[in-house]
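The chain below stands alone and is given as structure tokens, in the form predicted on its own.
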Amino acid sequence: MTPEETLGNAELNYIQHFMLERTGIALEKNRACLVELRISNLLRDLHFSRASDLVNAIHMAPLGAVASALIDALTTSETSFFRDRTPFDILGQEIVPDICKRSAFPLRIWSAACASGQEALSIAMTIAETSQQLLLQTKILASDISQQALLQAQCGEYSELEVNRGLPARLLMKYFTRAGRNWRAKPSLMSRIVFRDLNLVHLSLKETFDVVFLRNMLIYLDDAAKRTVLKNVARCMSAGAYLFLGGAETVIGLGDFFETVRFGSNLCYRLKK
């Protein structure tokens, strides 16, 4: 940052409190350099000369465009197609057949921190590979708190680099078409997905789901926010619904909503009855 842009303790404390209150994201002190870099870039993008200008704008309109831009800047949206693969294998081979035996259609799946949409599309492809007819009876909600990430997710368009991260060539050719130098998901997938801006800490959602993917999001929250998010998500799950977390995440010590379900050496969680 330039001297005019310097992020002082007062500004940093305000931003930390804002992010924790609004999103549950705890900006760790050991990540201060990364936070400063992202805020420096944001100041330039918004044509603010001082960090205090940014803070004042957010204070005046905590639900406004500048606040949304800050959340976008400080939210990690790292994702890829079929990330860590195993949850999608379990979904297609174990969970979908189980749900189809005991539940009425449509099949309802929620990608609760969808970032730029690769996870939701991976879910749709998993269902389609099980049965094209089943895909037509499936509703997928893809949500995120980042407006910027959701814009890309809604477009369903990805660069060569992005499709080369986890997407098998066979599925690329089957479910995507060329869009200039990029690739665009076909309407058969995109039509099954609804995209929404949702804040999992302050969640107002009345729908219920048979499967929820909440992967690699809890790791950025403090324990209080984790409990709130898991409680909110549990309220939106049907009886016996399944929950997938990231490999480094757990529900242990964060409430009594879920039980562990093992599929061989792999596990996920199920809403307690």
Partner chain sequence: MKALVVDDSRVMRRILKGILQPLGFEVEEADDGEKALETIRSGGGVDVVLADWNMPVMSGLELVHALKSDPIHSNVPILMVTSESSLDQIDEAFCAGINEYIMKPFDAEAIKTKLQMIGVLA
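Positions refer to the first chain, counted from 1. Quantities reported herein were computed from a predicted structural model and do not represent experimental measurements.
Below, we turn to the form predicted together with its partner chain, even though it does not appear here.
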* Structure fact -> Interface check vs its partner chain in the predicted complex: of 201, 99, 90, 172, the one with a heavy atom inside 4.5 Å is 172
* Structure fact -> Checked 150, 124, 167, 95 for heavy atoms within 4.5 Å of its partner chain in the predicted complex; positive is 167
* **Contact segment among 106-114, 158-166, 141-149, 191-199, judged by heavy atoms lying within 4.5 Å of its partner chain in the predicted complex** => 158-166
* Structure fact -> Looking in the predicted complex, the residues of 243-273 with a heavy atom no more than 4.5 Å from its partner chain, listed in order, are none
